[in-house]
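Next up: just one chain, as structure tokens, the form predicted on its own.
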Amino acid sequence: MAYAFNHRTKNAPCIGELLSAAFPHFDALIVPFGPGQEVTGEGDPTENFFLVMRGLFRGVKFTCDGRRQVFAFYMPGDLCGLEPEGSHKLTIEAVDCAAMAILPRHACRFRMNDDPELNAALFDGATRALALTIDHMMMVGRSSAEERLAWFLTMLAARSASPNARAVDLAMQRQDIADYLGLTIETVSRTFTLFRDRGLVSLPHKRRVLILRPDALARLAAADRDAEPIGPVRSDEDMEAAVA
């Protein structure tokens, strides 16, 4: 499964919490990684699952001529490395200074035999991961650059600690975003500038985005070209009040 799936559901624990609580039973090893350092590579044997403890990781795949596609970003609490075959289909590497818990697969499977709560969380997470995979494929295959970036920012905001968060901190670089959305880095930078000029976002610095008009951004992310056009830019006072 290419995507991590630590999405919260009301009254249900997340997978990361369940596995973290079970560390005494796993003989888990927590390993720090520096930016760009590989956790596991494409073709490596699938002996472990990986639970993000700190920082950001990405799942990538390279073509024979060196081109790169980013398939997923993994955040704290995300479980990754879930491929069902005997070898990994993706390379997982750190984006920034990060840490990953290495969970032996045999220990995870042993616990699943005796823990229906963990099994339910894994199943719920897998279905959510599938839904996100479909959204990503649809966005890359049928949407404009503006729609893709709007979807990306909306998705990150939804995965933040607060469900209504409007401040999105980007640990990844513009090239990572471009390779995730199937765009060039020039197009990503140009679209960020367009969003700023239209009053959709504010860019205090390169790695921080303030979403000023979340409803308008969500409408753009939905890629509904029959919807009403996004309205005019609000005043500076209204924008400041929106993120206060």
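In this text the structure is predicted, and so the values were computed from the model without any measurement. Quick note: we count residues from 1 along the sequence shown, nothing fancier.
Omitted from view is the form predicted together with the DNA, to which the following refers.
The stretch that touches the DNA in the predicted bound form, counting heavy atoms within 4.5 Å, is 177-185, out of 177-185, 54-62, 211-219, 35-43. Mapping the unseen interface onto this chain, R207 counts among the residues with a heavy atom inside 4.5 Å of the DNA in the predicted bound form. Although the partner is absent here, M112 is not a contact residue: none of its heavy atoms lies within 4.5 angstroms of the DNA in the predicted bound form. Taking the partner from the other structure, the DNA in the predicted bound form has no heavy atom within 4.5 Å of any heavy atom of R198. Although the partner is absent here, A145 lies within 4.5 Å of the DNA in the predicted bound form, judged by heavy atoms. Among the residues S160, Q173, S87, N119, the one placing a heavy atom within 4.5 Å of the DNA in the predicted bound form is Q173. In the predicted bound form, not one residue of 78-112 has a heavy atom within 4.5 Å of the DNA.
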